[in-house]
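Below sits a lone chain in structure tokens, taken as the form predicted alone.
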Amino acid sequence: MDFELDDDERSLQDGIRSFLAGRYPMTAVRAHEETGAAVDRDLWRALADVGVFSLRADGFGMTETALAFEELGRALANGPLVASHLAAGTTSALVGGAGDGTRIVGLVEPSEPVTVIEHLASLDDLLVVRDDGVFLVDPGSVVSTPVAHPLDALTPISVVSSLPTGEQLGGAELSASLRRDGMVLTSALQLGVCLATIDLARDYALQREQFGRPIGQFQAVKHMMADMLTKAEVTRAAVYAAAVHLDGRGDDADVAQVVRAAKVLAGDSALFCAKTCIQVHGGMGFTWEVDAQRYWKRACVLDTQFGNSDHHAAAFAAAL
């Protein structure tokens, strides 16, 4: 399988990266933490204008979409990105207005003993994904309690005490499809976290001096950086492979297993790279002034979405 990007794929990825660098630099990310992390609707519509939510509805495949979401993960873009993209659909929209950014759509998978919804206060619509189908719920009808201090300041969460059934949009087949696609897109976000933390750790290791030379020259730091890069590249291959298989361009492997493998590797690698990035920064890595801790927190949040690494590792093993 060829994982080299062609010119069109590079252009798409470079375009999304340039847009995010201009509209959502890290200075804006830090400032957004002070606003309660409500979704910026102007930025949301701008993301829609560059096609983030409607890529597959516009004729692109999961492969191109994963490249875009990789850049969103790298930039720490916040909001229900995956949910709104899924709601925009491929041939027809599940929720009107999701593709053009006029409506912000969230997603929740009810669980025991606690169900948590992200960005509830910012949502216009809520998709509830159960084993027996997908349901559309008015977010205003959900009875919940906001968490005062969420782990990721850019991902506000609410603990649900009552969740209405809602209007059914599809059955078990739609539910399985959304979960499968959501796993790949979340894995792409996690890959972006891996790559961003490598850049962050590398830049710091080149500029921070100890004993008269950059710490990047010390063997222990080199080993940590090499481990980060190895994890990220294996993850990149797994995520791209999963996207290619969903586009029907892979081999005859079990697609469900390929997707599970991507989610396992992406979850573990994002957590590892973010944690190692903090280690490279030393004591500074834990402070608010350094972005390393922001990536680690986002990695923790993403690992909970569409099943964590342990869940999918067990499912992968059970299917062998």
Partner chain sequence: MDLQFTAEEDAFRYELRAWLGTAIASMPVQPQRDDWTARRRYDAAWQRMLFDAGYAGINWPREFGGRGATPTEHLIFLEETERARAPYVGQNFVGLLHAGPTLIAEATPDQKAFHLPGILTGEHIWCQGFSEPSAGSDLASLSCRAMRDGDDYVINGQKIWTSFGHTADYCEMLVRTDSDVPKHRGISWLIVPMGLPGMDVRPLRTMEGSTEFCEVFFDEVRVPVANRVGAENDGWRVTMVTLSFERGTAFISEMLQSMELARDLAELAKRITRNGATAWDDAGLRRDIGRICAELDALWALTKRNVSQAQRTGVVGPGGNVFKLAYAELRQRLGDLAMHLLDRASLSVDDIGDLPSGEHVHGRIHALSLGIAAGTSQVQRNIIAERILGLPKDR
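This structure is a prediction, so every number in the text was calculated from the model and none was measured. Residue numbers count along the first chain shown, from 1.
Below, we turn to the form predicted in complex with its partner chain, even though it does not appear here.
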Answer yes if any heavy atom of Gly282 is within 4.5 Å of a heavy atom of its partner chain in the predicted complex; otherwise answer no.
yes
Would you check, heavy atoms only and a 4.5 Å threshold, whether His32 touches its partner chain in the predicted complex?
no
May I ask you to check whether Glu233 falls inside a 4.5 Å heavy atom distance of its partner chain in the predicted complex?
yes
Is there any non-hydrogen atom of Ala172 lying within 4.5 Å of its partner chain in the predicted complex?
no
Heavy atom within 4.5 Å of its partner chain in the predicted complex: which of Val137, Leu229, Leu120, Leu154?
Leu229
Can you work out which of Leu163, Leu81, Val116, Leu94 has a heavy atom no more than 4.5 Å from its partner chain in the predicted complex?
Val116
In contact with its partner chain in the predicted complex (heavy atoms, 4.5 Å), from 73-81, 96-104, 122-130, 240-248, is stretch 240-248
Contacts with its partner chain in the predicted complex - residues in 197-221 whose heavy atoms fall within 4.5 Å:
Ile198, Arg202, Ala205, Leu206, Arg208, Glu209, Gln210, Phe211, Gly212, Arg213, Pro214, Gly216, Gln217, Phe218, Gln219, Ala220
